[in-house]
Ligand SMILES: Cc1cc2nc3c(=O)[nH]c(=O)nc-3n(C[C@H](O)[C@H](O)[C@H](O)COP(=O)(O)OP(=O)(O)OC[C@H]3O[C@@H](n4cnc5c(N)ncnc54)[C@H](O)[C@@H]3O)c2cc1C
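Consider the single chain below, provided in structure tokens and representing the form predicted alone.
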Amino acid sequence: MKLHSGNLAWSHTNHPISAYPSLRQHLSCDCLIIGGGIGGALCAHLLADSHMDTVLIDKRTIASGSTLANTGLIQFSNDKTLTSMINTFGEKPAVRFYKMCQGAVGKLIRISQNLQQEARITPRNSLYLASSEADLSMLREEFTTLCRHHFPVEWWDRNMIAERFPFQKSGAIYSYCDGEGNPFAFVHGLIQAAAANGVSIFEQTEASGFKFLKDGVLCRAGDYTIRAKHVIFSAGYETQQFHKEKGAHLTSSFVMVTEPADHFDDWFERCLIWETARPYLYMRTTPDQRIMIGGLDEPLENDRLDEARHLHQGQVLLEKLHQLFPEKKHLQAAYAYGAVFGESRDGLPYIGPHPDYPHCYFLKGLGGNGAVYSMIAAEMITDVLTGKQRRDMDWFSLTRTSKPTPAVHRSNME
């Protein structure tokens, strides 16, 4: 599957990067991770700390799949509001999930602090704007819900927004304790640390077949095999090729990155910005003084990414940026690209085992909070593999119907 097209920004920001060999021998290990993106890298990092014999393979190079198109907004709020989740799932599971996301943001920031500078996640606050007057009551209700459950948020009215930004909006939630980062550098930092801690990393190594054994899985990769007690599928949206999830769907999304700006005096605290409209626009600044704006999601044509659509959509994004920040009308696009984006219908990621794949775990961080979901999933899966019970893994079951309910996790590892 072609995951992105166009001129992507992150690959130009940190050179040189580490390269890893392709598989040239038969191997055995405790755990095989398939996929070298954010989810796989976090699993490798945590399993290395747990001293589990681990191998990670990627059919491309590290972080060159969806990670390369990820815009690096790290937030505890989700595409599906807490209010909406409570209405769908009930208060206890919904609040628990949002608290897990909040905790995951902090863990990502803390983990990154032990990596090289460019791989670190910077704490940022977020501005969630009412796109129209019609959205104001919904946003106000979400603010009340977040306050009731002690999330770090403030309500900003029209005047407060106008004092801090050059645009007019009727209301917004200002959230604290979010973050931003360079996903490409972050994943490479995690992989380098995992490799230094004993994890075997192989690039240009594609899993081409599996045999499920009584005591593990035999994975074929070209002319060689890897025998593992456990397998973690963390191939991003391409995991759909191993196990097609009926509750998920793929779309295309677009990003434009400007040339460097000369100042951000008109951008309060350089916070993350997103809005209530669906599909929504979102934007952030970068360490090299650029503005990254994304959105305009639309269906994939024939389940394939349009190779040239990003050229038009990038220009639309640039115009929307100029409307919001008139002082930046001189800025032009330096990068523009389109990418495959996946969402689950109920707003939750898919994490855990599946009865048709013994000894295996899946990590599907579908949705706009992929890095946060990957942190939750990597910690859950690592805990289970190292003997710790995670009852809440069933909330994210691959075989769930609609409403997640806390239940004892029953492993498929016998």
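Numbering starts at 1 and follows the sequence shown. The model shown is predicted, which means the values in this text are computed figures rather than measured ones.
Another form, the form predicted in complex with the ligand, is not on view; read the next lines as being about it.
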Partner contact for W267 in the predicted complex: the ligand, 4.5 angstroms, heavy atom: no
Is G367 close to the ligand in the predicted complex, meaning a heavy atom pair under 4.5 Å apart or at it? yes
Is the gap between G65 and the ligand in the predicted complex 4.5 Å or less for some heavy atom pair? yes
In the predicted complex, E133 touching the ligand (heavy atom, 4.5 Å): no
Considering the ligand in the predicted complex, which of E327, E118, E206, D303 comes within 4.5 Å of it through any heavy atom? E206
Here the chain is shown alone; which of C31, I57, L348, I376 has a heavy atom within 4.5 Å of the ligand in the predicted complex? I57
4.5 Å heavy atom contact with the ligand in the predicted complex for all of G6, G314 and A333: no
Interface stretch in the predicted complex with the ligand - options 43-51, 23-31, 378-386, 66-74, non-hydrogen atom within 4.5 Å: 66-74
For the heavy atom contacts within 4.5 Å of the ligand in the predicted complex, list the residues of 32-52 involved, in sequence order. I34, G35, G36, G37, I38, G39, G40
